[in-house]
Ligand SMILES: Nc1ncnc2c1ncn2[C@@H]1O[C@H](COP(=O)(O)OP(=O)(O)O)[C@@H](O)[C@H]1O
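A lone chain, given as structure tokens: the form predicted alone.
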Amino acid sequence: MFQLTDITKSFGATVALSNISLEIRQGEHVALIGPSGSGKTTLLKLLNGQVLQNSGSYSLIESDRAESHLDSLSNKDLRRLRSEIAYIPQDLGLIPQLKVFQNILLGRVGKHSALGMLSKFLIPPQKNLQHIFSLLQRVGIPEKMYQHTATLSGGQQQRVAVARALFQQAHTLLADEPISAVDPARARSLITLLSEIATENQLTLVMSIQNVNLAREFFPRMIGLKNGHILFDSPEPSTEQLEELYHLSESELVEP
């Protein structure tokens, strides 16, 4: 279980999150919705341990009930924790010059020493290659395993990023607007895939998403963020709540 209490995160004079408190339990599927700049990406990076809060507390209670406070972890323990929380950034974080299977191998970079990872990268164990092939079958592109990632379409690269997250063997999958660059049909296909995979593997799934209709359809819990605050945390936000969430003040409007 993720437990955030009175979390505030600032970047210089910009407050990205302000007094955020929430709990996310293992196996939940949660959509983060809200306008651009509302704090969704910062919240995902905080859950992943990529950024630490300025104030408040963030703890992770694992299945053995051991509780970890992220701001008190050593670098080694923080690295281990990050390796168990897969994160798909908006830009996917793939290396175009590498082949598909090599990008997927990098999903476990946090679980090995640099030397150990290098050896597995240069001479991948056969069991790893078999596992990667099975993951690519699951996401629908097994024939792309030995192709250079740069030659793939945007939708195919997204599926490589999903396969990499699965290869990481994490307990949580975080995805930052994974459908922002694809057409509606591919967006639905990708969210369906992520939801099914999370359910099959009993993963926690937290996704930031701009499409409210898809969020309603696929996620039993929706958290609305605006200006770094939680506006609502609900299975079905009201029309009034959504109007307030996306209402722009006069200073935020773009001049015609």
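Small disclaimer: the values here were computed from a predicted structure and weren't measured. One-based numbering along the sequence shown.
Form predicted in complex with the named molecule: not shown, discussed below.
query = Contact between Ser38 and the named molecule in the model of the complex at 4.5 Å, heavy atoms?
reply = Yes, contact at 4.5 Å.
message = I'd like to know if Ser234 sits close to the named molecule in the model of the complex, meaning any non-hydrogen atom pair within 4.5 angstroms.
response = Ser234 lies outside the contact set for the named molecule.
request  = Classify Thr14 as contacting or not contacting the named molecule in the model of the complex by the rule of any non-hydrogen atom within 4.5 angstroms, answering yes or no.
outcome  = Contact with the named molecule, yes.
ask   = Could you tell me if Thr204 has a non-hydrogen atom within 4.5 Å of the named molecule in the model of the complex?
value = Because no heavy atom of Thr204 falls inside 4.5 Å of the named molecule in the model of the complex, the answer is no.
query = If we take heavy atoms and a 4.5 Å cut-off, which stretch out of 30 to 38, 53 to 61, 194 to 202, 215 to 223 is in contact with the named molecule in the model of the complex?
reply = Selected stretch: 30 to 38.
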